[in-house]
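First, one chain by itself: the form predicted on its own, in structure tokens.
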Amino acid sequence: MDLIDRRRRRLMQGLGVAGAVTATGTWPMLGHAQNPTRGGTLRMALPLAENLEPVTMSGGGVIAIVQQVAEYLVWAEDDLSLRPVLATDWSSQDNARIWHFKLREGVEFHNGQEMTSADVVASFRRMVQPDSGSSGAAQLDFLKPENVTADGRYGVRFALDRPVGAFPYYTHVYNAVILPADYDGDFANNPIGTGPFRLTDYRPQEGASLERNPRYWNDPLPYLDRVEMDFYDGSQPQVLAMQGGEADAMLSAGYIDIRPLFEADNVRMVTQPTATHAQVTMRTDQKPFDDVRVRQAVALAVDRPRAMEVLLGGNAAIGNDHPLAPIYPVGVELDQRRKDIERARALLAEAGYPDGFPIDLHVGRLAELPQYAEMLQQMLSQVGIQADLKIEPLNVYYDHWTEVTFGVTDWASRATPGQILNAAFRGGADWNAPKWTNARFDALLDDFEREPDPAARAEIADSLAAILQEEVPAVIGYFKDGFRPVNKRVMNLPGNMSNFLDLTRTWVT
């Protein structure tokens, strides 16, 4: 059975209408024949981040901390299977519009209080409130707070505005951790969850200390006694910490920054394919990108293989201007768009720009994106487009990334393509930076979301991808592999397509 077939089977188990994997929550150990050793301390290097607040958090550093303290109903693995966590079973009715989740019994929060349906209902209602400020609300725009209700002490019912066959995956968006019903909104000073570790010290701008949760429901896990998480301002200091033995692992890293670690004797590089990509977005409601020929010309000017080699050392899959990455089982098959300068110039001339045009290109200072923007500047100059680079600190870029006319934005991998398609390209969506609308695309996306048959979903996916490739609201040139550098004394620390961090089964020698 090839990889895609395995992923398809796993996906169907996840969609499966009943939790098709073990209801004990125990997942097979991967990778190591050695017996795990209890005890020890793991030192993680994390990117600098603020706002240790689960409902509104968005930085990778604080998400990694919260994910050790609080848990989700399910966990989406890299092979697209779903691991039961606080939920043991799930099922749907009404063509996947109504979903029932059965909760694990006997789970305690860190304060000894039992987790029940009241806590799950309160957590989801808190997140999807229109004024919550949570990105989870944008991603679950089909769920109203009042439509999350208890079904007894250990059951929860979700009534969606529209059928969503992959809904269990949406319960794993990073804000959807389960907190006590009476959570007061001050996680830094009252960090109560059900997770494998307790937060004992949080130092803004510096780091956090965690210790093993003796009440953890999945005994004998976790194996580690303590986790020290330190914030670093940028990737280079994290690399130096790895080289100097001050850190045992990095949460994630861009290829350019971590090249020295590939040759380090004491470092193992955990690598996995992802759907993470950069979108070169063009405002379709503004000149010059209101003309599809201009957007197509931009796409034809991009030398994708060269970008993949220079920026990522070839550790990527080629993109074709849609986000349906090869990791997904839908297996989109379209003719690959290739660099064609002559055709790009012809399209610009037809659109009334025979000499090109000047334009500001905005990009945040993240991973390889500034270097990608410099490459785009050179490539676009070949068709007469003079891009003036605006390389900005991330907080500045993300203050206006959905408003700029021309921008480069990093999109993290999601467990299902529907999560990206809905957020980035559905008409009127908050994160639809190109301001692109297409009624046929939206209707097909509804069909895609509700369709349970893999073959039918694949056929719809082809149509969705073809529309995006033709309309080009965004150039998507590559899907990059994820890297997690780990000291060889650390065992069973997995990678993750979304940079999530699960230390439940990690141990040190």
Partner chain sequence: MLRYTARRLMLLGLTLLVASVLIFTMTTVLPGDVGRIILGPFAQESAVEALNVELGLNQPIVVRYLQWIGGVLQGDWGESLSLNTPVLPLALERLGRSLVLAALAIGILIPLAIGVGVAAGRRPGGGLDRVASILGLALGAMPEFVTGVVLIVAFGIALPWFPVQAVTGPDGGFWAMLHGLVLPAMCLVLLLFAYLFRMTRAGMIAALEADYTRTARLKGLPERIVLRRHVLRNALLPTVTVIGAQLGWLVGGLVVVESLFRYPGIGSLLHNAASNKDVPLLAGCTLLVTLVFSLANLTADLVYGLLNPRVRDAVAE
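Positions refer to the first chain, counted from 1. Just so it is clear, the model here is predicted, and its values are computed rather than measured.
Not pictured, yet referred to below: the form predicted in complex with its partner chain.
S.K.: May I ask you to choose, among 230, 119, 77, 368, the residue with a heavy atom within 4.5 Å of its partner chain in the predicted complex?
M.R.: Flagged contact: 230.
S.K.: Just give me the single entry in 405, 386, 243, 437 that has a non-hydrogen atom within 4.5 angstroms of its partner chain in the predicted complex.
M.R.: Exactly one residue meets the criterion: 243.
S.K.: Using a 4.5 Å heavy atom cut-off, which of 347-355, 306-314, 125-133, 269-277 contacts its partner chain in the predicted complex?
M.R.: One stretch meets the cut-off, namely 125-133.
S.K.: I'd like to check something about residue 466: if you look in the predicted complex, is any of its heavy atoms closer than or equal to 4.5 Å to a heavy atom of its partner chain?
M.R.: Judged by the heavy-atom cut-off of 4.5 Å, residue 466 is well away from its partner chain in the predicted complex.
S.K.: Test of understanding: in the predicted complex, would residue 444 fall inside 4.5 Å of its partner chain by heavy atoms?
M.R.: No.
S.K.: Residue-level contact is defined here as any heavy atom of the residue lying within 4.5 Å of its partner chain in the predicted complex; does residue 50 satisfy this criterion?
M.R.: Answer yes; at least one heavy atom of residue 50 falls within 4.5 Å of its partner chain in the predicted complex.
S.K.: If we define contact as a non-hydrogen atom of the residue within 4.5 angstroms of the partner, is residue 155 a contact of its partner chain in the predicted complex?
M.R.: Close contact is absent here: in the predicted complex, residue 155 is far from its partner chain, nothing within 4.5 Å, heavy atoms only.
S.K.: Contact check in the predicted complex: 334, 424 and 462 versus its partner chain, with a cutoff of 4.5 Å between any heavy atoms. Do all three pass?
M.R.: Zero of three within 4.5 Å in the predicted complex.
S.K.: What residues in 422-457 sit within 4.5 Å of its partner chain in the predicted complex, counting heavy atoms only?
M.R.: Contacting residues: 430, 431.
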